[in-house]
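Listed next as structure tokens is one chain, alone, in the form predicted alone.
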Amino acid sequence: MAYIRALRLVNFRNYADATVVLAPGLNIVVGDNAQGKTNLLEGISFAVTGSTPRTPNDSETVRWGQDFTRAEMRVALQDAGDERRVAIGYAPGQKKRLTVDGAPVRSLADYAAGGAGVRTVTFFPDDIRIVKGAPSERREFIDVLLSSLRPSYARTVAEYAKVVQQRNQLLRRIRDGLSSPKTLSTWDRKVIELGKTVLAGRAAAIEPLGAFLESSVRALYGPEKAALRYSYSAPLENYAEALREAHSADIERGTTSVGPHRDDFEVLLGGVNLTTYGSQGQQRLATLALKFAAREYIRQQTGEDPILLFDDVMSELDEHRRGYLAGYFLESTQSVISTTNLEYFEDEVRRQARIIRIASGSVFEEANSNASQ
């Protein structure tokens, strides 16, 4: 299975120029707060996907006082001895430069869907918003997952958002008497064509994701039944009709009220919606379980194990769950887990892991790290 051998970050967050060597299996990144552990995990994700899961504004990743950032990565592929070298350069105001083995990549969507030779599943503490937050957070979760598998889906989602925005502008012009309602039909056709592709993609994924979530929650939480339930503004078979029926209301409001951009899915535990009624602890465990479900879905779809990048995941768990997660990470093809406290991992786990210490944006490997490259 493919894994990352080494990563170099130049002018990325608090890293001036740092290289980290990673091993298959479990890599534990340890250090005090505000030293760069989270930034390292973000840098790995940036190198693998071409963007960061922590902010939509790439310029935030550029080190203070610098005018560019760069990430380079060596990826060991499934064929023994075969290696892929990737690099991403970014300067605010300019297009990203992505290369694989020295050749430019056609598009970010192609690169993000496994172009580097690996995929990732990330967990950052703020990800609890997927369960706790607004419907847009859950839509983004499933769209990013599906985009990591199919570049065509990523392009459709982006194009759909643009077309809905253009339709909304037309709706406001019609409301203000500047355009004829007859002109809506053209935009309806475009919205429906793209929206159906998005709906079909989500519909195909939600059932297997729900099954994987159920087994993950059972391992993390206990026997209570978990499920995902998709909430449609209009189901696929009635989508076109519902969009047309909403014409008057849409014109009055100046916005498109029907389509996948208005959908949501519920995360249920024992039939209870965790967004509305879950405790903070339940929501955090459900977020973890969703990430595990995403990993299993990627494995099912591609036959490959994504790299797990989990930030500060142990601190709020009890000893039993920490033990379960440590075993889970050890058995993965590759995981990079950050912590402030190595004592969260038992001695035997630490002996099998590569230990990487972070201090002030510098990387130090533990002298007694037994994991081989």
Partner chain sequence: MATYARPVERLISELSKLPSIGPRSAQRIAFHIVRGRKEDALGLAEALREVKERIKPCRRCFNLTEQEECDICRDPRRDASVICAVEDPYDIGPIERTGEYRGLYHVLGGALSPLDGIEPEDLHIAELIERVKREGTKEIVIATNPNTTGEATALYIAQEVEGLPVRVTALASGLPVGGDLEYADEVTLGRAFAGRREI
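Remember, predicted model here, so these are calculated numbers, not experimental data. Residue numbers count along the first chain shown, from 1.
Form predicted together with the partner chain: not shown, discussed below.
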- request: Choose from 155-163, 123-131, 200-208, 262-270 the stretch whose residues reach within 4.5 Å of the partner chain in the predicted bound form, heavy atoms counted.
  value: 155-163
field: Sole residue of S248, N238, S185, S231 within 4.5 Å of the partner chain in the predicted bound form, by heavy atom
entry: S185
statement: The one option of S180, Q300, S136, Q94 with any heavy atom within 4.5 Å of the partner chain in the predicted bound form is S180
Contact of R74 with the partner chain in the predicted bound form (heavy atom, 4.5 Å): no
- request: With heavy atoms only and a cut-off of 4.5 Å, decide whether G89 touches the partner chain in the predicted bound form.
  value: no
query: Using heavy atoms and a 4.5 Å limit, would one call S279 a contact residue for the partner chain in the predicted bound form?
result: no
task: Answer with yes or no whether G254 is in contact with the partner chain in the predicted bound form, where contact means some heavy atom within 4.5 Å.
output: no
task: Quick one: name the residues from 187-222 with any non-hydrogen atom within 4.5 angstroms of the partner chain in the predicted bound form.
output: W187, R189, K190
